[in-house]
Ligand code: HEM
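A lone chain, given as structure tokens: the form predicted on its own.
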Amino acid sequence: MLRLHLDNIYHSPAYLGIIGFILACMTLATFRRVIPARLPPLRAVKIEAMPLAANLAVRGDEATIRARVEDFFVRGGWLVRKRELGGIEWTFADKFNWARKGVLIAHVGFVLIAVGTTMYWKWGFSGQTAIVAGLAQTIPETGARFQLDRFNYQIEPIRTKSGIVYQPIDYVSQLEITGHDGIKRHLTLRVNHPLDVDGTLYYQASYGSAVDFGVTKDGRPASGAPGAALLEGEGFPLGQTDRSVQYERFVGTIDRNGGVSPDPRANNPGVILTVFDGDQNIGSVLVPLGRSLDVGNGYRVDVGSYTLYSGIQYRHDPGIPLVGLGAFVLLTGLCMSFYFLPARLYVRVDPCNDSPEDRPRWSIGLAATTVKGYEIFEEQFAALVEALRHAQSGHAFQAKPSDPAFAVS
């Protein structure tokens, strides 16, 4: 992980390169494919060559027919626009036309998310620290000073089918915090309730026990003893030897048989120590607090008292509002694209050359396209043509049966 720098992937050139490549692909797709397909211009088409097409023959006055056809689509909730193209008047009817922009809106949302994550790469940071009760730590990125006055935790035994489980139900840090303004504030930090200090969020992440260790050689204090209490996972060398000792973990309760009890509460506490000779693990041993461990060559490790510490994670991300906005915009665009079906109708009214002059006959050509293909709109188109056929016979236009303006043929 460390050799490949995977512990800091969001600041790596590979990550930034991938984000840049995705944005470049989205830009190309937006202007070369999405906009031409989703926002087509109003243009003439060959109705007879369209997969979804129909023709209706009617008799009557041209102006009246065009007005009633337009009224039919307006009453159906269609957006009607007229254009004269090549000397022919076309009627374009659109439904859910605004939903055509769903993919574009989703693209904008992704761009906002990318910008927000880039802001974190440029100006954000994150980290973690452990503060021993009674001591203080300074956050290097912000200069804020945290002193742990007191740490409290509550563990509740819960009986399950497999036995008793000791579940921590709460752990709280009582802190004295000094921010940029230099004012000391006494605040409480608990799980799922982060503190905001100078724009940086601090989270209660973990807790543990720091233990004091002493080292003697032949009964006298020896060099190499740690100068402060150690946290789990930390260690120290033994004088001038190749051996070292690691504080593996804290044991809250040692049972009567000298084993590790599942109860993490400090009833009969001890520590598990692991001894290394160079890089070789010699072994691990459970040592009660107040006892010592003989590690050879006259060296003994004394296990002292323990002190609770609080593990705190912190994060400063100025791009969070932009990422949240981008997620909302992205979701809105996806909903528009998935749950609505934008459709466009192409309508022409042409005279029939074989009709008599006293009762002219007209042909209404109707074709449809959608952004999701033709098959998905077949049923709706058939129902629309049938409704238009009934409208021409006088039902939807409220024409009288004897009105000669419409005669379906």
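Throughout, we count residues from 1 along the sequence that is shown. Owing to the predicted nature of the structure, the values given are computational and were not obtained by experimental measurement.
This next part talks about the form predicted in complex with protoporphyrin IX containing FE, which is not shown.
For this session: Among 45-53, 362-370, 65-73, 337-345, mark the stretch whose residues have heavy atoms within 4.5 Å of protoporphyrin IX containing FE in the predicted complex.
Result: That would be 337-345.
Exercise. Does the 4.5 Å heavy atom contact test between Phe110 and protoporphyrin IX containing FE in the predicted complex come out positive?
Worked result: Flag for Phe110 set to yes.
Exercise. Wondering, does Val303 line up within 4.5 Å of protoporphyrin IX containing FE in the predicted complex on heavy atoms?
Worked result: Answer no; every heavy atom of Val303 is more than 4.5 Å from protoporphyrin IX containing FE in the predicted complex.
For this session: Classify Ala387 as contacting or not contacting protoporphyrin IX containing FE in the predicted complex by the rule of any non-hydrogen atom within 4.5 angstroms, answering yes or no.
Result: Contact with protoporphyrin IX containing FE, no.
Exercise. Can any non-hydrogen atom of Cys25 be found within 4.5 angstroms of protoporphyrin IX containing FE in the predicted complex?
Worked result: Yes, Cys25 sits close enough to protoporphyrin IX containing FE in the predicted complex that at least one of its heavy atoms falls within 4.5 Å.
For this session: Could you work out which of Ala210, Ile177, Val329, Val103 is the residue within 4.5 angstroms of protoporphyrin IX containing FE in the predicted complex, going by heavy atoms?
Result: It is Val103 that has a heavy atom within 4.5 Å of the partner.
Exercise. Of the options Ala29, Ile376, Ala57, Ala382, which one has a non-hydrogen atom that comes within 4.5 Å of protoporphyrin IX containing FE in the predicted complex?
Worked result: If I apply the 4.5 Å criterion carefully, the residue I get is Ala29.
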